[in-house]
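One chain comes next, on its own, written out as structure tokens in the form predicted on its own.
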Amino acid sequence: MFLKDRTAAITGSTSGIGLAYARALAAEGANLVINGIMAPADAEKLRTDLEAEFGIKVVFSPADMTKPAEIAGFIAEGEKVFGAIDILVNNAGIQFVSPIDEFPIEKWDQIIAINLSSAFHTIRAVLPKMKEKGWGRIINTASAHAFVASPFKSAYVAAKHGVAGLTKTVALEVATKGITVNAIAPGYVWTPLVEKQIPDTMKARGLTKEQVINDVLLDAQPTKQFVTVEQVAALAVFLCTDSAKSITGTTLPMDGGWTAA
């Protein structure tokens, strides 16, 4: 358990990829600061279940990733309990599918806030302590859409391109501080986020559910298989190892060959 006595803060970590990150890091001994939208009773059950399963300490924060003050509070709470955040995983994200001329302005603002701006706010908050300790790992969840576009996803594609740029910039700023900054760019992973966008894609493209899955989602991935949350989380764990300390400022595709073409 090479992360014993380290603390990982993970946004959007109550389901899907985020929860897989949390479980994988906890399995290596990291304490957790998790975050998401859950009923208080469900959040407490998740928190205590993780503590019992992995023998670590877990703090849950309901911070709204559209609100900078709450994001700062999320990091401050983790630092108060654990002293510092050693590993930051920016994972919170939402999706909305629509032609741009019909795209609701409030949806654009919300997606940019959660998928991109929240990473700016968390990184800004964790870096002082990471610099003091001379060690840190920042991992941003990007997407194949950080490299290529798809129609009807203007806000999401713009945000994920922004995540890739933010990753590069911060990595250069802290390159001599013992801190690495990388992004993981999955293709289509079967998560609640992907499942929820299927009806909108059906409507936007006039397709059936099966056609969306096979002709839109998996059509992009030469392997014709969804990426698993466990695969994404395993890459994040590797990025926290000493073997990965020279990997920084990069966005790593995990997309079944989607962006190879």
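Keep in mind it's a predicted model, so treat the numbers as computed, not measured. Note that residue numbering follows the sequence shown and begins at 1.
Below: the form predicted together with nicotinamide-adenine-dinucleotide (NAD), not depicted.
- Only one segment in the set 186-194, 172-180, 78-86, 122-130 has residues whose heavy atoms sit within 4.5 Å of nicotinamide-adenine-dinucleotide (NAD) in the model of the complex; it is 186-194.
- Candidate site formed by Gly16, Thr66 and Ser143: every one of these residues places a non-hydrogen atom within 4.5 angstroms of nicotinamide-adenine-dinucleotide (NAD) in the model of the complex.
- Residue contact with nicotinamide-adenine-dinucleotide (NAD) in the model of the complex: Tyr156 places a heavy atom within 4.5 Å of it.
- A residue is said to contact a partner when one of its heavy atoms sits within 4.5 Å of a partner heavy atom; Ile37 meets this definition for nicotinamide-adenine-dinucleotide (NAD) in the model of the complex.
- nicotinamide-adenine-dinucleotide (NAD) in the model of the complex is approached by Asn91, whose closest heavy atom lies within 4.5 angstroms of it.
- Looking at Val148, you'd find every heavy atom of it more than 4.5 angstroms from nicotinamide-adenine-dinucleotide (NAD) in the model of the complex.
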